[in-house]
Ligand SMILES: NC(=O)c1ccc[n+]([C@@H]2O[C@H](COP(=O)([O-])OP(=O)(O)OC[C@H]3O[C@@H](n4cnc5c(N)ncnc54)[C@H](OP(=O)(O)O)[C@@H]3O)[C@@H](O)[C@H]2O)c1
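One chain follows as structure tokens, the form predicted on its own.
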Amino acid sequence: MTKAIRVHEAGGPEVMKWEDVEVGDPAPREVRIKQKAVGLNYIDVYFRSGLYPIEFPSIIGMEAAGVIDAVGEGVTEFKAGDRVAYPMVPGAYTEARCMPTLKVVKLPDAISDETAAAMMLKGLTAQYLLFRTYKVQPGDNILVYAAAGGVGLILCQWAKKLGANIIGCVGSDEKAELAKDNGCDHIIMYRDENIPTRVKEITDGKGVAVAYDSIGKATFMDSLDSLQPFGTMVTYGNASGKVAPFDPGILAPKGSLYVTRPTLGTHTSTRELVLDGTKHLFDAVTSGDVKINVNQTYAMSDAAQAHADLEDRKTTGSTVFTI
């Protein structure tokens, strides 16, 4: 038997249970992975809490790294013993699992299991935000929410390499220093400052070319009001809840703005997209352009505490479960 974290009902961190599960052998075109490290992401909270509906009982979690110990019929790209990782595949909170090969990629020797588990979902999110959703150009003013979080730290480092002027929103002095150390040029303390007002002060009244907003409901209008004419509002997370329906007519007087709601699911929906994104990410990490900050580790059995700490904003950078 294999141990896994399962949820039998929607609710708080306490609904997660450390239980025995059966894994079995891989089906055709599947591999079985003995997992070494699993990443924690805010989307896990959405599934656990019921914001995103799932069937019960269910194993949550979306990214991990490990070693293949069996391959199913028809698998030619992988073999037993390969070190691999994957993003955006539900069911990661487990010691072992069988899964299709669509989103599985081989790991370079230079990238550890913990680093890989911490960066697959978050790093590929930063990759599509910066290079597909809005292509950041040198000199662009950009606004990054949760700048000291897992996606935020990667995004800020990468955007700095692209020549952007980065304004980061954080909630504490500790997080402010961390964001500055990872590329932020300016900090907004969102609890104490008016975000659009500070953005306009920092940019001499111009506003930002793009707002990368992972907060959702609480910051949506602030993000729109921080944009320059023809600016792009990217709402890619719901930490404060889903954005309420709005009248698109408000976008015209605010500067003919663009609004988009992307998801990593679309950006990893084909093998070509997965390989393109992961090559870009692996190159950035192995070259040293992007450093992955694994600032918290927990045993998988302590997933409830990890979720509580994440929701209480006690974490910075990436969090990994070790197995």
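From a predicted model like this one, the values you see are computed outputs, not experimental measurements. Numbers for residues come from their place in the sequence shown, where the first is 1.
Omitted here: the form predicted in complex with this ligand. The next part is about that form.
S.K.: If we take heavy atoms and a 4.5 Å cut-off, which stretch out of 99-107, 75-83, 230-238, 244-252 is in contact with this ligand in the model of the complex?
M.R.: Selected stretch: 230-238.
S.K.: Give a yes or no on whether each residue among R48, F56 and M62 has a heavy atom within 4.5 Å of this ligand in the model of the complex.
M.R.: Checking in the model of the complex: none of R48, F56 and M62 is within 4.5 Å of this ligand.
S.K.: Using heavy atoms only and a 4.5 Å cut-off, determine which of M221, I215, I195, I187 is in contact with this ligand in the model of the complex.
M.R.: Of the listed residues, the single hit is I215.
S.K.: Considering this ligand in the model of the complex, which of Q35, T268, T278, N41 comes within 4.5 Å of it through any heavy atom?
M.R.: Only one option qualifies, and that one is N41.
S.K.: Residue-level contact is defined here as any heavy atom of the residue lying within 4.5 Å of this ligand in the model of the complex; does K17 satisfy this criterion?
M.R.: No, K17 stays farther than 4.5 Å from this ligand in the model of the complex.
S.K.: Does G150 reach this ligand in the model of the complex if we count a contact as any heavy atom within 4.5 Å?
M.R.: So G150 counts as contacting this ligand.
S.K.: Quick one: is G171 in contact with this ligand in the model of the complex, heavy atoms, 4.5 Å cut-off?
M.R.: Taking the distances in the model of the complex, the answer for G171 is yes, it comes within 4.5 Å of this ligand.
S.K.: Taking this ligand as it sits in the model of the complex, is R261 in contact with it (heavy atom to heavy atom, 4.5 Å or less)?
M.R.: Heavy-atom contact with this ligand at 4.5 Å: present for R261.
S.K.: Hey, which residues along 97-129 are within 4.5 angstroms of this ligand in the model of the complex, non-hydrogen atoms only?
M.R.: L121, K122, T125, Y128, in sequence order.
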